[in-house]
Structures are given as structure tokens and as C-alpha cells.
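The form predicted on its own is given below as one chain in C-alpha cells.
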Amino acid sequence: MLAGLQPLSAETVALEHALGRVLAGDVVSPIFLPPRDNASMDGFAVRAADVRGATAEEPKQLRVIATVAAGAATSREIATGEAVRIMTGAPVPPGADSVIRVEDTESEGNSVLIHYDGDAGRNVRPRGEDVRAKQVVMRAGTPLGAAQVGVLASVGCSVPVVYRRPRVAILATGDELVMLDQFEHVLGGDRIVSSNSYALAAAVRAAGGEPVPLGIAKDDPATLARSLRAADGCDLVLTSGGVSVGDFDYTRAVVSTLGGTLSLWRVRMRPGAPLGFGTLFGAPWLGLPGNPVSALVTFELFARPIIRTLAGYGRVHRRTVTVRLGEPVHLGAPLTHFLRVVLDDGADGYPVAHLTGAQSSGMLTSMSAADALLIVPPEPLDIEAGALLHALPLDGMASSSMFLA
């Protein structure tokens, strides 16, 4: 599915809107950070030679010639026997090579007594310690989190160049579905809410994409084709439902009539076996199952890596964690299973995985309660409690936050 996919084109965005984006070009600093030697704590800027040997019993006395606050400066060079009262972040005056912490001093009129020489030659951040001018401070491909945004602000990068967010078309299919504005039909008992429309849009945003909702298409080839044409121009097309073998499952056929291709159909996994993949309007197309859990599990395994690849992320797959099974598992078929589990702390360092309850692909609450997807191989069909398996941590883990990728 990822073969041949490349990050999308680049664009510039205001830095305050760059969180979660991926840099499309290197960022070079025009300045030194810090721009001058500065104090790393409140105290007195001194010459190390003047304070060596100072003790509480035999303090060194220095004459205080100035006070420098953060944002201020002094051009006066410190001479032998002199000190400058200084605040954290303030430029260290010429001649000084140390800052003595204020708690190791005692003021006495225009003088200061130094009671400890352990900070001689310390507590000064040198110019360019963090960043040097003309240095590449961030490489293309870097995802922008809070710290990265802070660095870009520090070097004056107000409009970073980032990869464009993938526009992801989302279409649900099924005569039984309605959107929330028609909830009265749900209350009447003859319709259900298209939860996939809302869940998949949220999943797209969380993965770094921009959802393009196409609503619901009825179980009719002409209606489905008309709805899918609205996906033309999107970077990924997601449909949910209509990819199985029922009499009213038209999605694969309609994709073909619209000029799309089908590269694979069905995967040996549960939930989510009836999965289609191909292209439509020159973009990848994923035909997800209609059952809510199946739709989200297959999104997690297949759609999320596609979105992250298009968005420029270097690491597109989640990291698995090793977990210890907290209860026996009995499989009904030799397929790879992705079971919804919660993770608890384990005594031996491995998280303990417990099933969220019944694993029906129609029980969306089992997915909302899950911390992770437990990966259970096709063989053996019966696995005892205590076995070590792998799991994929999910966003918004319900009971723990230690193992998020």
C-alpha cells in the first residue's frame, strides 16, 4: 500500500498553526542562542580567581559595582575584587567568568561576602551554547511538537515550510445509516447513526490528515457513484461498508466503473477481513468494513500509515510493546486477531493485557475502552494466561499513558 507513496507538496503556515505538521525543508538559524554569555541563575557575576578558597568561616569580600536584570546589560568590565549583582538570563559583564548563587552570599552595604567557592567557573551559559548562527537547527522530516515550535520561534522562523496535510475523503454506505441531525429516526428504531462518519473523521485528524466528509451513500450503484465523484481531488479515499460479499455490497464494482483499480481484497485478519485497496481518481482508495470496530482497526493498521506517509512523517507505523496476557484467549479461526485490551502495570515490567470484554466487531464501546490492540497470531488457537505477545498502543489510552507510540 505504501509502495510509491511520497510526501505531498510543501506549503508555508503560520508558526502558531504548525503543531503536528512535518517540516519540508531544513531550518537554518540566523542568530546565536544565547546571543551573549548569560547567567543561568540569580547571584553575583565574579572572576573565579577572586572567590577561590572562600568558605563560610573565611568568606571573600567583593565590591558590588552594578546590578544587571534580565533584558539589561552593562559594558563595565569587572576588575579584580569586584562583583555585579545579576539575574537569571542577564548578560554576564565583561571580565566575569562565574556566577555565585545568591544563597551562598551575604550582602554587606556596597559589598558582598562569598561563603562558598564551588561555583567558581560555573553558572555561565556561553554564547551559542544551544544554537550557533548558520547552523541547521531542524531537518526536513521533523514532526513539529511543542518543543520544536519553541525552537523555531527562538530562531525567528515565523512561517515554516511544511508538508501539506492529506485531504481524506470519507464516505459511509448503507440504507440503515443517518447522520446526527436525523437522530429522530434512530429514536424511532428504524435507523442507526453512522458512527463511522464521525469516528473516521476524528481518526484522520489524529493521524495528521484533513477529513473531507462526503456523507452517506445509499445501497444503490448510481447513488454511490455520484457520491464518490465528490472525492476527486482528494489525496486518499476512505469508504466504509459495501466491500463484503452481500447482495447490496456495490463499492468494489462502482470503484471499477469510475476508473479505479483494485489491488487486493480481503485480508486474513479479524476483525476487518473484508478490506479493499486500490486507486480512485489517481489517489489511494481503502474500502474499510462497515462494522464500527472493523473500520477503526483497519484504519489503524492501513489508513493511518498512508496518511502519515503523505503528511511527511518518517515513522509511519506505531511501535509495538511486549505485554503479558492476563487471561486465556481462545481463537475461533486461524487468522491474525487484533483484540481490544486494557493495559495494567505488571510486576515483572511487562504490561498486563486484559480483554475489554466481548470482542464483537459491532461493539464500538469495546474499542473506546481499549488501550491497545493485542496482536494474536493465527497459531495456536488456544493461548494460556501469562503468554508474552505484542500490542499496538492506541491514541487516547483509556487507563494508562505509559506505552503510547
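For every residue, the number given is its place in the sequence shown, counted from 1. From a predicted model like this one, the values you see are computed outputs, not experimental measurements.
Another form, the form predicted in complex with adenosine monophosphate, is not on view; read the next lines as being about it.
Of the candidates 166, 272, 242, 160, 242 is the one whose heavy atoms come within 4.5 Å of adenosine monophosphate in the predicted bound form; the others do not. The partner is absent here; in the predicted bound form, the one residue of 227, 123, 194, 142 having a heavy atom within 4.5 Å of adenosine monophosphate is 194. Only one of 261 to 269, 72 to 80, 314 to 322, 283 to 291 lies within 4.5 Å of adenosine monophosphate in the predicted bound form by heavy atoms, and it is 283 to 291. In the predicted bound form, adenosine monophosphate lies farther than 4.5 Å from every heavy atom of residue 130. Contact annotation: residue 249 falls within 4.5 Å of adenosine monophosphate in the predicted bound form, judged by heavy atom distances. By the criterion of a heavy atom within 4.5 Å, residue 327 is excluded from the residues contacting adenosine monophosphate in the predicted bound form. Contact annotation: residue 220 falls outside 4.5 Å of adenosine monophosphate in the predicted bound form, judged by heavy atom distances. Contacts with adenosine monophosphate in the predicted bound form, taken as any heavy atom within 4.5 Å, map to no residue of 327 to 365.
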